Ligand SMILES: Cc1cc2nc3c(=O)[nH]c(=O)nc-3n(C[C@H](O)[C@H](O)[C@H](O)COP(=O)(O)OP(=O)(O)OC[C@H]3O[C@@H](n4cnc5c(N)ncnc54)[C@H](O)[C@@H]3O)c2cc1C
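We begin with a single chain expressed as structure tokens, specifically the form predicted on its own.
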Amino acid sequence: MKYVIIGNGIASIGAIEGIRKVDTENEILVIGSEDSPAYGRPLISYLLAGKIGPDRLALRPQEFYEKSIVTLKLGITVTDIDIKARTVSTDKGESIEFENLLIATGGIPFTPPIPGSDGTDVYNFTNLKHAQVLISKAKTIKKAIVIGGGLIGLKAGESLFDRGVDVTILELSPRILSLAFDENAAALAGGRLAEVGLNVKCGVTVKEIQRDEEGNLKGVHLTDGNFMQTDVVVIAIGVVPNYSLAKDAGITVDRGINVNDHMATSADNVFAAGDVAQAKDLLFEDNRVIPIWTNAYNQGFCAGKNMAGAKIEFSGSLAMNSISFYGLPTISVGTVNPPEDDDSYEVAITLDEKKKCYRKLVFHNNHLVGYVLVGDIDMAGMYTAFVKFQMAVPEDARKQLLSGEPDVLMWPDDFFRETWNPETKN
């Protein structure tokens, strides 16, 4: 098989489209462990909330795979990669040869060793199967505990709450979304959740899940000494890269699968992309795992083109999160919580608690490297451009950014020439 892709998510979609930009003939085989075609994982919270139906989840229609000459093997798990024999083995007893391989196995839920977590009515919230089970459970349950106040936990809690469930979200850190937000942004978001009746408790988590003698879930013991009754527990602390296949095959891994600027691993003709890959960070010198949807697609697209013989470099991943809390929009991009002891960073903050508006800009070496917007996010795209394309920000431009009025006319002439007219570069 010319191209084999392990994993059936947004990175694999990017890879298919990348391959087809270069090679329009040779067959592509995609192996996915779930039964369903590639779907939008961020959309499962809307499915659980009842805002969309299952028909809205698919990333691409069936015709896409047919036109792209893609064979799907779904409900099949790859168990082994042999980089010398250039084969992958599956749990169905198959041995499949490959010329070019992409590992796009994504992330797996991180589950801390909580006593009582092994048993019924404890779920993660990272795949369609668990969302479907929770939809069914939401018809009969009254209370739910969500462990984790990050993006996944908040969306899981909000979705169950919208189904009429009494939800409490527990976050061990002092604030929700501690990686993407600072204290001000978290306070505004937390206040909005409290207004609608969704309970959020920070600085506390579950130390034990209590069950009766028959194994039925009764409640949770908290680290602050309190006990809470609940019908279900959702563990949504986060995901970790699912790199065991690569590691067992002798491919170099660190926090994720190490890749170079072409998304190639340490093994010949083996690539990695998506939440499993440790790839170039747009703002820093080192490689990092940044599990963001857009990054996964872009990595897959770059890997696909290189698998097909092109020689292109991945531009780099960028950390970004966008979420709305019952009508309160928020977005964070890049470095939003710089080291407090590093004087090379400059932070500018504008806060209007009455209007629930917040703007935080982070500068480093005369560049905008990150920002947070809450409430008024109309200029998010403009701020993101300054971060993504690492445009210098002279003093007059900085004043305009600080006033909340970024403008395309602030972009340097070199940026237009090099981005849209590269042939004019000197």
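Computed from a prediction, not measured in an experiment: that's the story for all the values here. When you see a residue number, it is the position in the sequence shown, counting from 1.
Not pictured, yet referred to below: the form predicted in complex with the named molecule.
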Stretch in contact, per heavy atom within 4.5 angstroms of the named molecule in the model of the complex, of 390-398, 376-384, 358-366, 27-35: 27-35
Heavy atom within 4.5 Å of the named molecule in the model of the complex - residue from 107, 334, 256, 316: 107
The unique member of 270, 78, 177, 217 whose heavy atoms fall within 4.5 Å of the named molecule in the model of the complex: 78
The named molecule contact in the model of the complex: residue 10, any heavy atom under 4.5 Å: yes
Non-hydrogen atom contact residue 125 with the named molecule in the model of the complex at 4.5 angstroms: yes
Residue 189, heavy atom within 4.5 angstroms of the named molecule in the model of the complex: no
Residue 372: touches the named molecule in the model of the complex, heavy atom cutoff 4.5 angstroms: no
Interface residues of 257-275 toward the named molecule, as seen in the model of the complex [heavy atoms, 4.5 Å]: 273, 274, 275
